[in-house]
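Given as C-alpha coordinates, the chain that follows is alone and in the form predicted on its own.
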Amino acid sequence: MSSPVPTIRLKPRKALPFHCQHPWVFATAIGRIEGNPDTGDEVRLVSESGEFIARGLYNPSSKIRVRLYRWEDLPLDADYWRLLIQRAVGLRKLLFSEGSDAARFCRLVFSEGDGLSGLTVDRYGDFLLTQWTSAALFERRDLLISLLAEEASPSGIWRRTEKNMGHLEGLEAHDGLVWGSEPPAKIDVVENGVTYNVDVVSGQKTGFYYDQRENRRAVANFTSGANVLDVCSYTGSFGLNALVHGKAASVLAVDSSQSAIDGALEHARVNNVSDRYSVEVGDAFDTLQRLASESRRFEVVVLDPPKLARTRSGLQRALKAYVRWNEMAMQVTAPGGILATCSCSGHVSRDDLEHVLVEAAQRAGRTVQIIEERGQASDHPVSAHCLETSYLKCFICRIL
(Lines give C-alpha, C1' and ligand atoms only; values in the text may rest on other atoms or scores of the structure.)
Protein backbone atom coordinates (compact mmCIF):
# COMPACT_ATOMS: atom_id res chain seq x y z
CA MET A 1 0.00 0.00 0.00
CA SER A 2 1.44 3.39 -1.04
CA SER A 3 2.05 6.02 1.61
CA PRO A 4 -0.32 9.00 1.69
CA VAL A 5 0.59 12.07 -0.33
CA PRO A 6 1.81 14.87 2.01
CA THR A 7 -0.60 17.76 2.40
CA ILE A 8 0.20 21.47 2.34
CA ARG A 9 -2.44 23.42 4.25
CA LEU A 10 -2.71 27.13 3.46
CA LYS A 11 -3.09 29.99 5.90
CA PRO A 12 -6.52 31.63 6.16
CA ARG A 13 -7.60 33.72 3.14
CA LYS A 14 -4.71 32.52 0.95
CA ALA A 15 -6.52 30.06 -1.33
CA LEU A 16 -8.05 32.28 -4.04
CA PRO A 17 -5.02 32.57 -6.38
CA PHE A 18 -4.59 28.81 -6.39
CA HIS A 19 -8.26 28.12 -7.02
CA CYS A 20 -7.67 30.39 -10.05
CA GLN A 21 -4.78 28.08 -11.05
CA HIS A 22 -1.83 30.30 -10.22
CA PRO A 23 1.07 27.82 -9.99
CA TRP A 24 3.34 29.37 -7.33
CA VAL A 25 2.77 28.72 -3.63
CA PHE A 26 5.21 30.84 -1.65
CA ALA A 27 6.38 29.79 1.78
CA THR A 28 4.60 32.78 3.33
CA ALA A 29 1.19 31.37 2.25
CA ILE A 30 1.66 28.01 3.97
CA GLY A 31 0.09 27.41 7.36
CA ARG A 32 0.99 23.78 8.04
CA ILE A 33 2.72 20.83 6.38
CA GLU A 34 1.21 17.41 7.06
CA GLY A 35 3.81 14.76 6.32
CA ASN A 36 7.51 15.04 5.57
CA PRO A 37 7.93 15.95 1.88
CA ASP A 38 11.40 16.39 0.42
CA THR A 39 12.57 18.11 -2.77
CA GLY A 40 10.56 16.87 -5.75
CA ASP A 41 7.94 15.03 -3.73
CA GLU A 42 4.34 15.25 -4.86
CA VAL A 43 2.02 17.09 -2.48
CA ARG A 44 -1.65 17.99 -2.20
CA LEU A 45 -2.55 21.65 -1.63
CA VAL A 46 -5.64 22.30 0.48
CA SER A 47 -7.30 25.36 1.96
CA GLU A 48 -7.29 26.16 5.67
CA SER A 49 -10.52 24.16 5.99
CA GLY A 50 -9.11 21.17 4.11
CA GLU A 51 -10.76 21.76 0.72
CA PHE A 52 -8.67 20.24 -2.07
CA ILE A 53 -7.14 22.74 -4.52
CA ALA A 54 -4.35 21.19 -6.58
CA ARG A 55 -1.40 18.82 -6.75
CA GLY A 56 2.17 20.01 -7.11
CA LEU A 57 5.83 19.41 -6.33
CA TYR A 58 7.53 20.49 -3.11
CA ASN A 59 10.88 22.22 -2.59
CA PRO A 60 11.95 23.19 0.96
CA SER A 61 14.87 25.24 -0.42
CA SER A 62 12.84 27.62 -2.60
CA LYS A 63 10.72 30.64 -1.78
CA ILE A 64 8.27 29.04 -4.21
CA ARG A 65 7.70 26.18 -1.81
CA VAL A 66 5.22 24.36 -4.08
CA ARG A 67 4.74 24.53 -7.86
CA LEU A 68 1.28 23.42 -8.92
CA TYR A 69 0.56 21.36 -12.02
CA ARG A 70 -2.80 19.59 -11.67
CA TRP A 71 -6.11 21.01 -10.40
CA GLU A 72 -7.82 17.66 -9.85
CA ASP A 73 -7.06 15.20 -7.11
CA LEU A 74 -5.23 12.75 -9.33
CA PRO A 75 -1.55 11.80 -9.34
CA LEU A 76 1.21 13.55 -11.26
CA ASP A 77 2.02 10.38 -13.14
CA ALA A 78 3.75 9.71 -16.45
CA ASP A 79 0.50 9.97 -18.41
CA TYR A 80 -0.18 13.44 -17.04
CA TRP A 81 3.33 14.74 -17.80
CA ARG A 82 2.96 13.26 -21.30
CA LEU A 83 -0.29 15.21 -21.73
CA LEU A 84 1.41 18.49 -20.76
CA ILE A 85 4.28 17.88 -23.20
CA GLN A 86 1.83 16.93 -25.95
CA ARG A 87 -0.15 20.12 -25.37
CA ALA A 88 3.01 22.24 -25.61
CA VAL A 89 4.25 20.57 -28.79
CA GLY A 90 0.73 20.70 -30.21
CA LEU A 91 0.54 24.47 -29.79
CA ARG A 92 3.68 24.96 -31.91
CA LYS A 93 2.21 22.68 -34.58
CA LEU A 94 -0.86 24.92 -34.55
CA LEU A 95 1.20 28.11 -34.75
CA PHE A 96 3.78 27.13 -37.37
CA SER A 97 3.58 25.23 -40.66
CA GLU A 98 5.37 21.90 -40.58
CA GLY A 99 8.94 22.23 -41.86
CA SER A 100 8.91 26.05 -41.76
CA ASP A 101 11.76 28.04 -40.25
CA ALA A 102 9.48 29.10 -37.39
CA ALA A 103 8.63 25.46 -36.63
CA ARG A 104 12.29 24.44 -36.68
CA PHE A 105 13.51 27.35 -34.56
CA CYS A 106 11.14 28.18 -31.72
CA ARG A 107 10.38 27.88 -28.02
CA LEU A 108 8.84 24.45 -27.62
CA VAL A 109 8.02 24.65 -23.91
CA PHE A 110 7.51 27.94 -22.08
CA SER A 111 7.47 27.04 -18.39
CA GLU A 112 4.32 28.40 -16.73
CA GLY A 113 2.90 29.43 -20.11
CA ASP A 114 2.61 25.74 -20.96
CA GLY A 115 1.70 24.49 -17.50
CA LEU A 116 5.23 23.17 -16.89
CA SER A 117 6.50 25.61 -14.29
CA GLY A 118 10.29 25.36 -14.12
CA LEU A 119 11.06 23.95 -17.58
CA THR A 120 11.98 25.84 -20.75
CA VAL A 121 12.78 24.07 -24.01
CA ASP A 122 14.03 25.69 -27.22
CA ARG A 123 14.17 23.92 -30.55
CA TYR A 124 17.22 24.52 -32.73
CA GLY A 125 16.51 22.53 -35.87
CA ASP A 126 17.18 18.90 -35.01
CA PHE A 127 18.20 19.63 -31.41
CA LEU A 128 16.46 20.66 -28.20
CA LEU A 129 18.01 22.78 -25.45
CA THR A 130 16.51 22.62 -21.98
CA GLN A 131 16.73 24.95 -18.99
CA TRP A 132 15.45 24.02 -15.54
CA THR A 133 14.45 26.66 -13.00
CA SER A 134 12.78 24.30 -10.52
CA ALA A 135 14.74 21.80 -8.46
CA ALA A 136 11.50 19.93 -7.73
CA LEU A 137 10.66 19.46 -11.41
CA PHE A 138 14.30 18.62 -12.11
CA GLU A 139 13.74 15.47 -10.05
CA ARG A 140 11.44 14.36 -12.90
CA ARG A 141 14.05 15.11 -15.57
CA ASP A 142 14.58 11.58 -16.85
CA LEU A 143 10.87 11.10 -17.49
CA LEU A 144 10.40 14.55 -19.03
CA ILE A 145 13.44 14.19 -21.29
CA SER A 146 12.14 10.84 -22.56
CA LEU A 147 8.73 12.40 -23.23
CA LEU A 148 10.32 15.32 -25.11
CA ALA A 149 12.29 12.87 -27.23
CA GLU A 150 9.11 10.89 -27.90
CA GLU A 151 6.99 13.89 -28.91
CA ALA A 152 9.55 16.10 -30.72
CA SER A 153 11.85 13.44 -32.29
CA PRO A 154 15.11 15.43 -31.96
CA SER A 155 18.58 14.17 -32.78
CA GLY A 156 19.77 15.22 -29.35
CA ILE A 157 18.86 17.13 -26.19
CA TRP A 158 21.37 19.41 -24.45
CA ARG A 159 20.98 20.94 -20.98
CA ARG A 160 21.82 24.60 -20.30
CA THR A 161 21.88 25.94 -16.75
CA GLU A 162 21.38 29.32 -15.09
CA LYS A 163 24.01 30.39 -12.60
CA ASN A 164 21.68 31.56 -9.82
CA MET A 165 19.50 28.44 -9.62
CA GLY A 166 21.70 26.85 -6.96
CA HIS A 167 21.03 29.82 -4.69
CA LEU A 168 17.34 30.24 -5.52
CA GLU A 169 16.26 26.61 -5.84
CA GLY A 170 19.01 24.45 -4.39
CA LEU A 171 19.36 23.17 -7.95
CA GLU A 172 22.78 21.83 -8.83
CA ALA A 173 22.96 20.98 -12.53
CA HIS A 174 25.57 21.26 -15.24
CA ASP A 175 25.52 21.91 -18.96
CA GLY A 176 25.80 18.82 -21.07
CA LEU A 177 24.25 16.16 -23.26
CA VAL A 178 21.21 14.42 -21.72
CA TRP A 179 19.84 12.44 -24.68
CA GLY A 180 20.91 11.40 -28.18
CA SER A 181 23.63 13.15 -30.15
CA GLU A 182 25.58 16.21 -29.05
CA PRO A 183 24.63 19.35 -30.98
CA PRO A 184 27.31 21.32 -32.82
CA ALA A 185 28.60 24.30 -30.85
CA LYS A 186 27.02 26.61 -33.41
CA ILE A 187 23.82 26.12 -35.36
CA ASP A 188 22.51 28.17 -38.28
CA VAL A 189 19.17 29.63 -37.18
CA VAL A 190 16.89 31.14 -39.83
CA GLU A 191 14.32 33.60 -38.53
CA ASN A 192 12.30 36.01 -40.67
CA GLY A 193 14.53 35.03 -43.56
CA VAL A 194 17.64 36.24 -41.68
CA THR A 195 20.41 33.74 -40.87
CA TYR A 196 22.25 33.66 -37.54
CA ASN A 197 25.11 31.39 -36.51
CA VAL A 198 24.05 30.74 -32.91
CA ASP A 199 26.31 29.50 -30.13
CA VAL A 200 23.99 27.08 -28.35
CA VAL A 201 26.68 25.82 -25.98
CA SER A 202 27.91 29.07 -24.41
CA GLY A 203 25.65 31.85 -25.71
CA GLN A 204 23.26 33.71 -23.39
CA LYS A 205 20.30 31.63 -22.12
CA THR A 206 20.01 28.91 -24.79
CA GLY A 207 21.85 31.01 -27.37
CA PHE A 208 19.12 33.09 -29.01
CA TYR A 209 16.06 35.12 -28.02
CA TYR A 210 13.07 33.79 -29.94
CA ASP A 211 10.69 36.01 -27.95
CA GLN A 212 11.49 39.10 -30.06
CA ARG A 213 10.88 37.37 -33.42
CA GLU A 214 7.71 39.24 -34.34
CA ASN A 215 8.89 42.55 -32.86
CA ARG A 216 12.07 42.52 -34.96
CA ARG A 217 9.99 42.21 -38.11
CA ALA A 218 7.50 44.85 -36.95
CA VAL A 219 10.21 47.44 -36.24
CA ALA A 220 11.72 46.79 -39.68
CA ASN A 221 8.52 48.15 -41.23
CA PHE A 222 9.60 51.64 -40.10
CA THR A 223 13.21 51.55 -41.28
CA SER A 224 13.09 52.15 -45.05
CA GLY A 225 15.97 54.49 -45.91
CA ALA A 226 16.62 55.15 -42.20
CA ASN A 227 19.80 55.42 -40.21
CA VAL A 228 19.21 52.97 -37.35
CA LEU A 229 20.79 52.79 -33.89
CA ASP A 230 20.50 49.34 -32.28
CA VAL A 231 21.32 49.69 -28.56
CA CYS A 232 22.10 46.52 -26.58
CA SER A 233 22.18 44.79 -29.93
CA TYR A 234 23.50 41.42 -28.71
CA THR A 235 24.15 39.54 -31.98
CA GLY A 236 22.35 42.07 -34.17
CA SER A 237 18.84 40.78 -34.80
CA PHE A 238 16.88 44.07 -34.76
CA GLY A 239 19.45 45.80 -36.96
CA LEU A 240 19.70 42.91 -39.39
CA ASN A 241 15.92 42.82 -39.84
CA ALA A 242 16.03 46.56 -40.47
CA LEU A 243 18.61 46.08 -43.23
CA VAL A 244 17.23 42.92 -44.82
CA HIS A 245 13.50 43.67 -44.65
CA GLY A 246 13.28 47.41 -44.02
CA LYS A 247 16.03 48.40 -46.46
CA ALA A 248 17.56 50.72 -43.88
CA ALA A 249 20.33 53.01 -45.09
CA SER A 250 22.62 52.03 -42.20
CA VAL A 251 22.75 50.39 -38.80
CA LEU A 252 25.05 51.21 -35.88
CA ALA A 253 24.99 48.36 -33.34
CA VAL A 254 26.12 49.00 -29.75
CA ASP A 255 26.80 46.33 -27.13
CA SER A 256 29.15 45.89 -24.18
CA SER A 257 30.08 42.33 -25.19
CA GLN A 258 32.91 41.90 -27.68
CA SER A 259 31.81 38.34 -28.44
CA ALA A 260 28.24 39.49 -29.15
CA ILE A 261 29.50 42.22 -31.47
CA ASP A 262 31.78 39.74 -33.22
CA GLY A 263 28.73 37.57 -33.77
CA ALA A 264 26.74 40.52 -35.10
CA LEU A 265 29.49 41.34 -37.61
CA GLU A 266 29.53 37.73 -38.77
CA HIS A 267 25.74 37.77 -39.16
CA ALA A 268 25.94 40.96 -41.22
CA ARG A 269 28.47 39.24 -43.48
CA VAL A 270 26.37 36.08 -43.84
CA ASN A 271 23.33 38.17 -44.78
CA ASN A 272 25.29 40.34 -47.25
CA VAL A 273 24.68 43.66 -45.46
CA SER A 274 28.17 44.34 -44.08
CA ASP A 275 28.51 47.49 -46.18
CA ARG A 276 25.69 49.14 -44.21
CA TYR A 277 26.48 47.68 -40.78
CA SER A 278 28.85 49.19 -38.22
CA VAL A 279 29.45 48.46 -34.55
CA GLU A 280 30.70 49.94 -31.29
CA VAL A 281 31.79 47.91 -28.27
CA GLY A 282 31.28 49.61 -24.93
CA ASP A 283 28.83 50.46 -22.17
CA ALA A 284 25.57 51.09 -24.00
CA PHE A 285 24.35 53.87 -21.71
CA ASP A 286 27.68 55.71 -21.87
CA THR A 287 27.60 55.39 -25.65
CA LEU A 288 24.09 56.85 -25.76
CA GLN A 289 25.25 59.79 -23.67
CA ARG A 290 28.21 60.40 -25.95
CA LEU A 291 26.09 60.21 -29.10
CA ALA A 292 23.65 62.71 -27.56
CA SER A 293 26.48 65.07 -26.62
CA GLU A 294 27.73 64.87 -30.23
CA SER A 295 24.21 65.78 -31.46
CA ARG A 296 23.99 62.52 -33.42
CA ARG A 297 20.49 61.73 -34.61
CA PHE A 298 18.95 58.52 -35.98
CA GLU A 299 15.62 58.08 -37.73
CA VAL A 300 15.07 54.79 -35.85
CA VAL A 301 16.42 53.82 -32.43
CA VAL A 302 15.99 50.37 -30.86
CA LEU A 303 16.51 50.10 -27.10
CA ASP A 304 16.46 46.51 -25.84
CA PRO A 305 18.36 46.47 -22.51
CA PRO A 306 18.90 43.36 -20.37
CA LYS A 307 16.59 42.62 -17.46
CA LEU A 308 16.95 45.54 -15.03
CA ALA A 309 14.43 44.44 -12.37
CA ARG A 310 15.30 40.92 -11.22
CA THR A 311 13.38 41.18 -7.96
CA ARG A 312 10.32 43.06 -6.75
CA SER A 313 12.50 44.91 -4.23
CA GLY A 314 14.65 46.23 -7.07
CA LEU A 315 11.73 47.59 -9.12
CA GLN A 316 11.98 51.28 -8.20
CA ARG A 317 15.72 51.36 -8.86
CA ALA A 318 15.13 49.65 -12.19
CA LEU A 319 12.41 52.11 -13.22
CA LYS A 320 14.76 55.01 -12.58
CA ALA A 321 17.32 53.31 -14.82
CA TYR A 322 14.71 52.77 -17.55
CA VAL A 323 13.88 56.48 -17.41
CA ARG A 324 17.55 57.43 -17.89
CA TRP A 325 17.97 54.95 -20.75
CA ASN A 326 14.85 56.16 -22.55
CA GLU A 327 15.69 59.82 -22.00
CA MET A 328 19.02 59.31 -23.74
CA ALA A 329 17.40 57.24 -26.49
CA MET A 330 14.90 60.04 -27.17
CA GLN A 331 17.68 62.59 -27.34
CA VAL A 332 19.34 60.70 -30.20
CA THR A 333 16.06 60.06 -32.07
CA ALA A 334 15.50 62.50 -34.92
CA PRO A 335 12.29 64.61 -34.75
CA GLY A 336 9.49 62.49 -36.16
CA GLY A 337 11.65 59.39 -35.80
CA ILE A 338 10.85 56.01 -34.29
CA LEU A 339 11.93 54.66 -30.89
CA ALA A 340 11.31 50.97 -30.24
CA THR A 341 11.81 50.53 -26.50
CA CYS A 342 11.67 47.18 -24.74
CA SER A 343 11.64 45.69 -21.26
CA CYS A 344 12.06 41.98 -20.55
CA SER A 345 11.67 42.50 -16.79
CA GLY A 346 8.61 40.65 -15.59
CA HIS A 347 8.32 42.96 -12.57
CA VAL A 348 7.93 45.96 -14.91
CA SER A 349 4.32 46.24 -16.06
CA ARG A 350 3.02 47.88 -19.21
CA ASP A 351 1.74 50.74 -17.08
CA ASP A 352 5.20 51.07 -15.56
CA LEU A 353 6.80 51.34 -18.99
CA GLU A 354 4.23 53.90 -20.12
CA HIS A 355 5.03 56.01 -17.06
CA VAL A 356 8.73 55.61 -17.85
CA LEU A 357 8.08 57.06 -21.30
CA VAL A 358 6.18 60.01 -19.83
CA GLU A 359 8.97 60.89 -17.41
CA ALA A 360 11.71 60.33 -19.98
CA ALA A 361 9.88 62.56 -22.48
CA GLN A 362 9.59 65.35 -19.90
CA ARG A 363 13.29 65.13 -19.13
CA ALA A 364 14.26 65.01 -22.80
CA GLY A 365 11.83 67.76 -23.82
CA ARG A 366 10.15 65.50 -26.38
CA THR A 367 6.62 64.38 -27.22
CA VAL A 368 5.86 60.67 -27.54
CA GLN A 369 3.18 58.94 -29.60
CA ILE A 370 2.84 55.21 -28.90
CA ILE A 371 2.09 53.57 -32.25
CA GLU A 372 2.17 49.91 -31.25
CA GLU A 373 2.19 48.05 -27.92
CA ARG A 374 3.66 44.60 -28.47
CA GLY A 375 4.67 41.58 -26.39
CA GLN A 376 6.51 38.31 -26.76
CA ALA A 377 6.23 35.99 -29.75
CA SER A 378 3.33 33.55 -29.91
CA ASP A 379 5.48 30.54 -28.97
CA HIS A 380 5.85 32.22 -25.56
CA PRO A 381 2.14 31.96 -24.64
CA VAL A 382 0.77 34.02 -21.77
CA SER A 383 -1.10 32.03 -19.15
CA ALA A 384 -4.28 33.81 -18.07
CA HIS A 385 -3.76 32.13 -14.68
CA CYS A 386 -0.18 33.43 -14.27
CA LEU A 387 0.10 36.90 -15.73
CA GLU A 388 3.78 36.99 -14.79
CA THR A 389 4.23 35.06 -18.05
CA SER A 390 3.46 38.32 -19.88
CA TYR A 391 6.98 39.59 -19.28
CA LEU A 392 8.12 41.20 -22.54
CA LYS A 393 7.02 44.69 -23.47
CA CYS A 394 7.90 46.40 -26.77
CA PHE A 395 6.51 49.86 -27.50
CA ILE A 396 7.03 51.33 -30.94
CA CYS A 397 6.86 55.10 -30.54
CA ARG A 398 7.04 58.23 -32.68
CA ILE A 399 9.24 60.87 -31.06
CA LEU A 400 8.39 64.53 -31.88
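Residue numbers run from 1 along the displayed sequence. All values reported here derive from a predicted model rather than from experimental measurement.
Keep in mind that the form predicted in complex with S-adenosyl-L-homocysteine is not shown, yet the notes after this line are about it.
A.B. asks: Please state whether all three residues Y209, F238 and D255 have a non-hydrogen atom within 4.5 angstroms of S-adenosyl-L-homocysteine in the model of the complex.
C.D. replies: Answer is yes for this spot.
A.B. asks: Pick from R216, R107, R160, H267: which residue has any heavy atom within 4.5 angstroms of S-adenosyl-L-homocysteine in the model of the complex?
C.D. replies: Selected option: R216.
A.B. asks: Please pick, from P305, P154, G113, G246, the one residue with any non-hydrogen atom lying within 4.5 angstroms of S-adenosyl-L-homocysteine in the model of the complex.
C.D. replies: Selected residue: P305.
A.B. asks: In the model of the complex, is there a heavy atom of S-adenosyl-L-homocysteine that lies within 4.5 Å of any heavy atom of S233, even though the partner is absent here?
C.D. replies: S233: contacts S-adenosyl-L-homocysteine in the model of the complex.
A.B. asks: Does any part of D73 reach within 4.5 Å of S-adenosyl-L-homocysteine in the model of the complex? Heavy atoms only, please.
C.D. replies: Because no heavy atom of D73 falls inside 4.5 Å of S-adenosyl-L-homocysteine in the model of the complex, the answer is no.
A.B. asks: Does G193 reach S-adenosyl-L-homocysteine in the model of the complex, with heavy atoms at most 4.5 Å apart?
C.D. replies: Judged by the heavy-atom cut-off of 4.5 Å, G193 is well away from S-adenosyl-L-homocysteine in the model of the complex.
A.B. asks: Quick check on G282: any heavy atom within 4.5 Å of S-adenosyl-L-homocysteine in the model of the complex?
C.D. replies: Yes, contact at 4.5 Å.
A.B. asks: Based on heavy atom distances of 4.5 Å or less, which listed stretch (140-148, 255-263, 166-174, 77-85) is in contact with S-adenosyl-L-homocysteine in the model of the complex?
C.D. replies: Every other range fails; the passing one is 255-263.
A.B. asks: Taking only heavy atoms into account, state which residues of 320-342 are within 4.5 Å of S-adenosyl-L-homocysteine in the model of the complex, ordered by sequence.
C.D. replies: The stretch touches the partner through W325 alone.
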